[in-house]
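Shown next as structure tokens: one chain only, the form predicted alone.
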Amino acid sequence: MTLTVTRSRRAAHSAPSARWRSRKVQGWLYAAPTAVIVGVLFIAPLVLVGWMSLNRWPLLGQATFNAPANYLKIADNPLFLDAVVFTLKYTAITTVLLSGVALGLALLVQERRPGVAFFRTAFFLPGAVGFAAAGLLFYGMLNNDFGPIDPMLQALGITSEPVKWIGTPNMALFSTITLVIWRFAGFNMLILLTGLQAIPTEVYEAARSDGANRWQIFTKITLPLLRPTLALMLILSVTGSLLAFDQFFVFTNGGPDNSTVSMVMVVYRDAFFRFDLGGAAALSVVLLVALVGLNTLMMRRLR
């Protein structure tokens, strides 16, 4: 009798443990496909880039260990240093203008009224266009030889001669920023619209009953409660701007006179024009470390 009771107690104690082990195995099985994808597509290339940055790695030939030569010669690369200054300038201007336009559009279509669904769709549609396609579209529209923008401006009497949209450094930067705002304003508007709709309407009603005007409601209620969403949008905008490549490669090709060469374009040129994969990998590692540090700082400040 005693032996039977003891076995029953052991079975009762072992059953939850067996179920826990079974659930643990199931959890690992569910996570395994994602873990394999992350390992193959992210961790393995990251480790490879780190190893390449420590070697002289030609496109063809045997790699030789030369650490830390690839990192030391970054300071002697004038194009990269100019690209850092230009990319930071481009990031600052683009982030401010894009955030302002996206916030304005989100506030414009926040409330439900007739026709607002049409405007939400219209504002978001440019986000469905591929970035390379958008660059080619703007290049064709602003081209001085066959683009439709210059004849329209001249017909309206706004300009008397074709505008060099990508012929000078400032105009090339202005045109590229216009392209980016057109392409991403709707997407960022959607992010902010999600945050705006998560704010309880009771808060606005209480503020109006207390006599708050529109500006006070915007600055004292909307912006503080929208801060987490703004943080997400700013991090995405800053990261995308610092990693800018498509718009400059397709639209301006880094010109005129390398005035619109971004940091990623320098990495691309070192790898596929100079065939210095080790140097390009070192630049990529430096850029990655800077991005991680900047995003960490932004998250702490915006928290």
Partner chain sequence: MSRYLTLSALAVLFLFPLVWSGYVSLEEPSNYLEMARFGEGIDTYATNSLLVAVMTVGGTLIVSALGGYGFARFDFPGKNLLFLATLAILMVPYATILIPLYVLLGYLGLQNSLVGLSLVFVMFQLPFALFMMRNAFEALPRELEEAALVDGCGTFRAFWRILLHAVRPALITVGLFAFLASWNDFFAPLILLNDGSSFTLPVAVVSMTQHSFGAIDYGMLQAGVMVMAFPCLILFIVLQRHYVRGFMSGALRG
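Numbering follows the first chain given and starts at 1. This structure is a prediction, so every number in the text was calculated from the model and none was measured. Whichever C-alpha set is largest while still superposing within 1.5 Å between the two forms counts as the rigid core.
What follows is about the form predicted together with the partner chain, which we do not show.
Taking the partner from the other structure, the partner chain in the model of the complex has no heavy atom within 4.5 Å of any heavy atom of P78.
Remark: Q26 counts among the residues lining the partner chain in the model of the complex, judged by a heavy atom distance of 4.5 Å or less. Residue contact with the partner chain in the model of the complex: V238 places no heavy atom within 4.5 Å of it. Contact between F65 and the partner chain in the model of the complex is not found at the 4.5 Å heavy atom cutoff.
Of the candidate stretches 168-176, 153-161, 106-114, 203-211, only 106-114 has residues with heavy atoms within 4.5 Å of the partner chain in the model of the complex. Within 4.5 Å of the partner chain in the model of the complex, a heavy atom is found for not a single one of A83, W215 and L225. Note on contacts: among A271, L54, L234, V261, the single residue with a heavy atom within 4.5 Å of the partner chain in the model of the complex is A271. Interface residues of 164-197, taken as those with a heavy atom within 4.5 Å of the partner chain in the model of the complex (partner not displayed): I181, W182, A185, F187, L190, I191, T194, Q197, in sequence order. Once the cores line up, the CA of Q62 ends up less than 2 angstroms apart between the shown form and the other one. Shown in the overlay between the shown form and the other one, fitted on the rigid core, is a CA shift at A32 of 2 Å or greater.
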